[in-house]
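Okay, so we've got the same protein chain twice, two forms, each given alone as structure tokens, structure 1 and structure 2.
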Structure 1
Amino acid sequence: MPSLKDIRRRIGSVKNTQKITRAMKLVAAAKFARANAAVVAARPYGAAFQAMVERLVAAAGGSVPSPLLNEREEHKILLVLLSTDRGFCGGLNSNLFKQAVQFINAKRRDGVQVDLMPWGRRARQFSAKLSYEVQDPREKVLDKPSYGLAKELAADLVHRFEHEGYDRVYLGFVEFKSAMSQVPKFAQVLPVGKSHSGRSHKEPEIAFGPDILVEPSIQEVLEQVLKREVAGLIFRAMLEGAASEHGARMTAMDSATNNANEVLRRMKIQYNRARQAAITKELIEITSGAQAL
């Protein structure tokens, strides 16, 4: 049986831990509110952009030859894994990695070479453990999601797709459903087309495309728009990943704080029992001492 002093020390340490988890929960809650607002604020642009792409494709009359739309057979693919930098967010990253392993294994069974590109410290540690080809790891991608960074990353991916022989580029990130629920998702980034709602750009041809003027030319605009679509997809994944991170951390730290309460309650009972036992023992000693006289 641990001594009174031991139990007291342990109670103190649990209380300190609880202070930390509570503080982390509050910080995560504040960051989560901001990240959540950012996700919501980004939606109108995404929807309007989508509508514009559809109008453009319709105006082009269904035939839009672009290297970025070029579907080819998979021999070599690049999987980008977007993770958090820090832990303490429950199973967020490990769920993503578990699914990533499944994804990779399925591809490898089909004889496809899979290269990994980790974005985020956790993803970097994860890929270091596996013996895959790892490209250009990055950290702090989810720290402050910015469109500028998304554009830079998109240009990098497009370059790799066009010049380094990757037949497809996938992005694995955590889709944000709510503070309680985040779902790992693997989206095809390149070639563009499958990313939005599973539809391909090659829709049934409209005999007379709607009369839309396109400046400077449909070909040029489309090429740029497709690149921007890649950036948009990455930006959205960044926003959702950040919201997921803070949401998951908030939930994890909340349950950690509650668990600490439970542990404290049990230790207090133990402490009281031990104290009572000590008192009883002393009383017995006194009475038996008195009897001996």
Structure 2
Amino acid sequence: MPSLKDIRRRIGSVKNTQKITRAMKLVAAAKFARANAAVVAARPYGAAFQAMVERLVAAAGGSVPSPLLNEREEHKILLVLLSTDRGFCGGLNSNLFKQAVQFINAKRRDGVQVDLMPWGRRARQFSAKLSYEVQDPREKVLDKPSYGLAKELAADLVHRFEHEGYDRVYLGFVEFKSAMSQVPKFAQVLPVGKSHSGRSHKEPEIAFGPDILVEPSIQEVLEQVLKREVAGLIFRAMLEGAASEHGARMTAMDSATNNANEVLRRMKIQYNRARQAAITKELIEITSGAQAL
């Protein structure tokens, strides 16, 4: 049985750890509130913009030879994997990576070459353990999501799609449902099309009139709108990932704090039993000594 001194030291260590987990929970809760508000505000705009893009593409028909709309058979694809930089967020990253492995293996079974682009330190570490071809890893993508960064990343993906022979570009990220639920999702970023739309069935359809008047021309407008749609998808994925990270970390730290309470309860019982055993032993020694006299 451990000594009283050892038990007291362990109790102190658990209490210190509990203070850290409680502080991390409070920090994550504050960040989660902001991230959740950003996700909720971005979703209606994203749904409306996607509907507008689909309507413009339908109105243009085949008259716009944009490479961003060029559907072709898959031979080589790029998978962008968006993860967190830090841990302490439960199975958020591991669930995404499990789905990514299944996604990649399914594509490879169909004879498709898969290149991986990790965004986030955890995704970079995951990629280093595998034999996949890795392109331009980045970190701190979810640190402070901004549309400026999303636009920069989108321009890079568009350039690779147009000039490096990729038939598809996919984005793997974690979709935010609630603080308790985050779901890995893989969306087609390029080429832009109906399969690219990630609108939920709960979100309303956007009504348009039968005709659209576009100035200066639908060709010029659509080319820029398609690039903005790619940037918008990446930005929304960044917001979803940030909200998922803070929600998962808040939940994980809450569980850790509650587990520390249970550990402390058991250790205090153990301490009291050891203390009672020590007192009983001392009484027996005193009684035995008195009887010997």
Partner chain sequence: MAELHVSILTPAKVAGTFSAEQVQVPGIDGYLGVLPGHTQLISELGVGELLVHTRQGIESYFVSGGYLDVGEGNHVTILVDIAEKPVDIKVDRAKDARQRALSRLDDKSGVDVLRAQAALRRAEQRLVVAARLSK
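For residue numbers, the reference is structure 1: its sequence is counted from 1. In this text, rigid core is short for the largest set of C-alphas that superpose within 1.5 Å between two forms. Just so it is clear, the structure is predicted and the values come from calculations on it, not from any experiment.
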{"property": "Form selected (criterion: the form predicted alone)", "result": "2"}
{"property": "Following rigid core superposition, Cα shift of Arg43 between structures 1 and 2 in Å", "result": "2.9"}
